Ligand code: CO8
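Here you get one chain, nothing else, as structure tokens; it is the form predicted alone.
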Amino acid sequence: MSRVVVRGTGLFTPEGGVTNDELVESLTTATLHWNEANAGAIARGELAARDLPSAKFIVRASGVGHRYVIDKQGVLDPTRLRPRIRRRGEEELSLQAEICLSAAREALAQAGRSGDEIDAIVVGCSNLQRPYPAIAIEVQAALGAGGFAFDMNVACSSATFALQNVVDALRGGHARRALVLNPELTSGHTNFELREFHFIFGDACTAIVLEREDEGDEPAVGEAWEILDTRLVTRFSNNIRNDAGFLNPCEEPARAPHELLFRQNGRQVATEVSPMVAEHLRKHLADAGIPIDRVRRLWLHQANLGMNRAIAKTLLGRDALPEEAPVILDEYANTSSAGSVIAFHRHRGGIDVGECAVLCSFGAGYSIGSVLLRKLRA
């Protein structure tokens, strides 16, 4: 008999921290210039004037108070509003592989493992730097890992979907130790020109080391979390969308630039997704025979504070205490698939051996992924 355990996690955080006030100041300047430059079309009714941003609106709408970005100067430049990233030669390590290695080394150190002990790597994130060769295979080479590696994308649910892929590979005997990486460079797909989108995302990369423990194995020393079960579900929706792709230059007529960045119908997403997630988790826990009052922690996707509060309240029948459903939105904003893993990485203390917890993602697709965990060793 074998089980799959989480042995370590890692986190890469960019140096560039951006406050709401800094973001609002930048976009205010850009918006005033845009409205002035398009005054004639606005007066004729051909264009609508752009609304000025507000720090109060950001907090009220999302709970986001701050974010980290890979290039603060470029993001805050009102004439640019996107990061500046140096083009690297093909012989150089890619930016996404670089941040993966940073997070991976912390996770490996926590697990007491080295790169050459890994024989499966999955990179899951909302936007990959290139279609191929896979970022995961680049990381595999840099770590000296064996086995196989591949990239995948299920938007904000990429981490939990990658976890299930790895769990299945470990349980099936296709690998012994695996690494899940979520290099979310969201500032590259964020529309910093529009009030409704400019504040949502932040950059980060997370890493998780998982191992298969077979019956009769000498137990590894150190913290371990057993993965009891995983569950995934998808349902198509256009309410969260990003149309950037290699066929864009072939399309006639060409798309407007804003169509090639993240966009969403935020209110409809919250209305539709929150009850879906709560019901998904309720059924997953019930099928696993775990009463909700035995769940010590909910590490939820960090997209919107209101959604997380609603999901937790529906499950618990009351408002969640801060330690029951930790929030990292105030510091990291929405880091897409990395958010729930950041919450796990930073807020898993205070849980006793034998107690259960849930890691859950949800987002574009729609997609929902949940992982049931039990503290195995301290």
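Since this is a predicted model, take the numbers as computed values, not measurements. Just count from 1 along the sequence shown to find any residue number.
Keep in mind that the form predicted in complex with the named molecule is not shown, yet the notes after this line are about it.
Q: Please name which of the stretches 300-308, 221-229, 111-119, 77-85 has residues with heavy atoms lying within 4.5 Å of the named molecule in the predicted bound form.
A: Single hit among the candidates: 300-308.
Q: Even though the named molecule is not shown here, does Lys72 get within 4.5 Å of it in the predicted bound form, heavy atoms only?
A: Heavy-atom contact with the named molecule at 4.5 Å: absent for Lys72.
Q: Would Gly266 show up as a contact with the named molecule in the predicted bound form if we use heavy atoms at 4.5 Å?
A: The answer is yes: Gly266 has a heavy atom within 4.5 Å of the named molecule.
Q: My question is simply whether Gly65 lines the interface with the named molecule in the predicted bound form - judged by any non-hydrogen atom within 4.5 Å.
A: Although the named molecule is absent here, Gly65 would stay clear of it in the predicted bound form, with no heavy atoms inside 4.5 Å.
Q: Taking heavy atoms only, is Glu196 within 4.5 angstroms of the named molecule in the predicted bound form?
A: Within the cut-off, so yes.
Q: Report the residue, out of Ile328, Ala325, Leu315, Ala61, that has at least one non-hydrogen atom within 4.5 angstroms of the named molecule in the predicted bound form.
A: Of the candidates Ile328, Ala325, Leu315, Ala61, Ala61 is the one lying within 4.5 Å of the named molecule in the predicted bound form.
Q: If the cut-off is 4.5 angstroms on heavy atoms, which of these, Leu52, Ala41, Val353, Ala49, is the one near the named molecule in the predicted bound form?
A: Of the candidates Leu52, Ala41, Val353, Ala49, Leu52 is the one lying within 4.5 Å of the named molecule in the predicted bound form.
Q: Which residues from 102-136 come close to the named molecule in the predicted bound form, meaning a heavy atom within 4.5 Å?
A: Result: Ser126, Asn127.
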